[in-house]
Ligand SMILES: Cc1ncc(COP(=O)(O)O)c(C=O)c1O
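This document starts with one chain, in the form predicted alone, laid out as structure tokens.
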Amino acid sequence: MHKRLFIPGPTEVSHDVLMQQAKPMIGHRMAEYTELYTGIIDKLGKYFKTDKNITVLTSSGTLWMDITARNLVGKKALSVVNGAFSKRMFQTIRDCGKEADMLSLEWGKAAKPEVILKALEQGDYDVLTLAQNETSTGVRSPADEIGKAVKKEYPDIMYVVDAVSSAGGDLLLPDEMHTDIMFFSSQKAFALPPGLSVGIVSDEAIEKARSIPGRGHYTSLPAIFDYYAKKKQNPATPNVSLMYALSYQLDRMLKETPEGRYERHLEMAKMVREWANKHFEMFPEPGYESVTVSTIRNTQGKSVAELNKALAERNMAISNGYGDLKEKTFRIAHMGELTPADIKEVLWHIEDIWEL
């Protein structure tokens, strides 16, 4: 029996979206694929209200951490770290042999423009990285305010935003955020199977990458976008079946509208926050809670592992705390295909199991 997923990815996928992957195969160098892929790029541009360069890669979102390091870091990156996934970006840049400093914040705290500007004064940085929605802590940092402030003072710094667990649920506009790269993946608020990642990339980022050696091939921004400019296709073999599903899902998302999806996600988030503050307390600092995943402090010392065993018997699953936060927190995702009725139901079951 399928367990309904209230976890921050993979998320629930509608049957009609899944069935798009059953379409007959086409060659990725055929005109039919060009039509499919250019249509996807056009829909993504409409959804995010941007004319920036867009690509869809067959990879997890994590690949964009390597892309950031290998294409943009010429001097040194400053990585804002306030959770496990923002720390992964910092570690990835180092793993790629590039220099990076960590702006370490207390987990549960959001990044603020003034703190970042002060840190940027301390070094010769050419890249700034931020997890707009830190999946491990449920913290939503004001990426638009940060981007505006940073680009005003440091216009040449490349601003890279990890939106893996928020894009498609939160209302994110890359142009207003002043991002050079905003990236995300298919299995979270986009409510698709895992396997695709999307990068929205500025002209400036692509041009800077041309001067950076050691970009690799699969991870080279010029290789990706030069090939698209010439052929309107991916330079390497894509997951064609998932592209069908993405194209179909984007039609559904555009019909709901970005604003409509945001309002639905926000309504679910508010339901969980109210419930959490009644029985426990929220982990993020007030005012900076995610709209796609709520991280809740386990103030009652309940066993989250045992809760999930009981929920599994009722065909549901939530997430334990991530890493060092395991059992200290638990996470309820409210993203993708989920509705307020779904959230009301899972909260009722948690109350029933834990006798709250």
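We number the residues from 1 along the sequence you see. As the structure is a computational prediction, the values presented were derived from the model and not from experiment.
Below, we refer to the form predicted together with this ligand, which is not included among the displayed structures.
So which stretch, 305-313, 31-39, 58-66, 44-52, is the one near this ligand in the model of the complex (non-hydrogen atoms, 4.5 Å)? This holds for exactly one stretch, 58-66.
Heavy atoms within 4.5 Å of this ligand in the model of the complex: does Ile181 have any? Answer no; every heavy atom of Ile181 is more than 4.5 Å from this ligand in the model of the complex.
Flag Val164 as yes or no: does it have a non-hydrogen atom within 4.5 angstroms of any non-hydrogen atom of this ligand in the model of the complex? Residue-level check for Val164: yes, a contact with this ligand.
Check Asn82 for me: does it contact this ligand in the model of the complex (non-hydrogen atoms, 4.5 angstroms)? Contact check for Asn82: no, nothing within 4.5 Å of this ligand in the model of the complex.
Answer with yes or no whether Asn133 is in contact with this ligand in the model of the complex, where contact means some heavy atom within 4.5 Å. Close contact exists here: in the model of the complex, Asn133 approaches this ligand to within 4.5 Å, heavy atoms only.
Though this ligand is not shown, can you say which of Lys112, Arg88, Arg215, Lys98 has a heavy atom within 4.5 Å of it in the model of the complex? Spelling it out, the residue with a heavy atom inside the cut-off is Arg88.
Which residue among Ser141, Gln187, Thr129, Gln249 has a heavy atom within 4.5 angstroms of this ligand in the model of the complex? Of Ser141, Gln187, Thr129, Gln249, the residue with a heavy atom within 4.5 Å of this ligand in the model of the complex is Gln187.
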